[in-house]
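Presented as structure tokens, the chain that follows is alone, the form predicted on its own.
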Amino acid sequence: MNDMRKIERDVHMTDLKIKARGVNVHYGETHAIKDVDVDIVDKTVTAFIGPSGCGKSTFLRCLNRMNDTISICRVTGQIEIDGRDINDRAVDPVQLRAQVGMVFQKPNPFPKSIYDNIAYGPRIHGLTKSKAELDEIVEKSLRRGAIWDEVKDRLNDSGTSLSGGQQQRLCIARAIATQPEVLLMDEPCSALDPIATAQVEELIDELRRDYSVVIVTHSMQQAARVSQKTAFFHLGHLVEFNNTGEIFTNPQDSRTESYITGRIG
């Protein structure tokens, strides 16, 4: 039995992608995130849910140091990706954001061609040595973003000429062009219609084969559809974190149950 427990523990540690301990975030005098501990495993979709203003997006932005760009923001505690402290002074935030890609709430393609939207990251990070290699990354990323067949004959058109759903899939393709290991999504479907939302959700399910995906969503139904793990945030606290099925059918905390049943939100 002890050997079995050791094997299970070793497998868990091998699968662990992100480890956060005692994470606090202050915006000036406002204490936005309070002592968050969480383990996020690889090749899994983890959903952050909770009422507006509960801290889920703030915590998401800790995972690629986007909060560094806010002058009054102070982050303490430890966040490790593959065992490395991302807040270590030796870590270059630009390189970190290549490793930890991000897709935002509103599609934000660059005012460039579809091709150049995808090629931008690989170019600035020096990931290719030739035009042929760059062409290959562009095609591969657009295929992984489930949009290649729709744009392959119009790569020189502006990314902003696409529909909203296509723009968001283009942004996902752009995020994975730098070969990240983690993909963060901050309410990626909130600006999309139901058909485009379904396409992005299907894409998220495919992406977890290759990436650790962390998604903030205001939709509990979406969290239930796309994620394997769910974290419930409330007033800056991580209240509960468990398998998605358990969170929605057997919550352990009364606050989680109240949110899921619509009594708070």
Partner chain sequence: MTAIPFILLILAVLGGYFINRMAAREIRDTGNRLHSLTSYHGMFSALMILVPVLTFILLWLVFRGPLVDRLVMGNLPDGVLDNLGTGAIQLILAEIKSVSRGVIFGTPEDWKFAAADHFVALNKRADWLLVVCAGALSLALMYFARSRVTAEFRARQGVEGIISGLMIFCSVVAIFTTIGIVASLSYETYRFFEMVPITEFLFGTSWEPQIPIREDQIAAEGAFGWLPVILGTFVITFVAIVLAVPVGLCSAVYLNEFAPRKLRSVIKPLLEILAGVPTIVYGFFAVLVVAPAIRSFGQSIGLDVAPNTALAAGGVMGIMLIPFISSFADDALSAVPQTLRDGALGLGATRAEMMLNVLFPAALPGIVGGVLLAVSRAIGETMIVVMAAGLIARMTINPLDSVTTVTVQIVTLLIGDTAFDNPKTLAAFALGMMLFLVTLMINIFALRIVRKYREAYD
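Keep in mind it's a predicted model, so treat the numbers as computed, not measured. Positions refer to the first chain, counted from 1.
The form predicted in complex with its partner chain is left out here; the points below concern that form.
Contact check for residue 66: a heavy atom falls within 4.5 Å of its partner chain in the model of the complex.
In the model of the complex, none of the heavy atoms of residue 165 sits within 4.5 Å of a heavy atom of its partner chain.
Residue contact check for residue 175: one or more of its heavy atoms lie within 4.5 Å of its partner chain in the model of the complex. Using a 4.5 angstroms threshold between heavy atoms, residue 143 stays clear of its partner chain in the model of the complex. Of the stretches 188 to 196, 149 to 157, 100 to 108, 83 to 91, only 100 to 108 has residues with a heavy atom within 4.5 Å of its partner chain in the model of the complex. Judged against its partner chain in the model of the complex with a 4.5 angstroms heavy atom cut-off, the residues 209, 234 and 249 are out of contact without exception.
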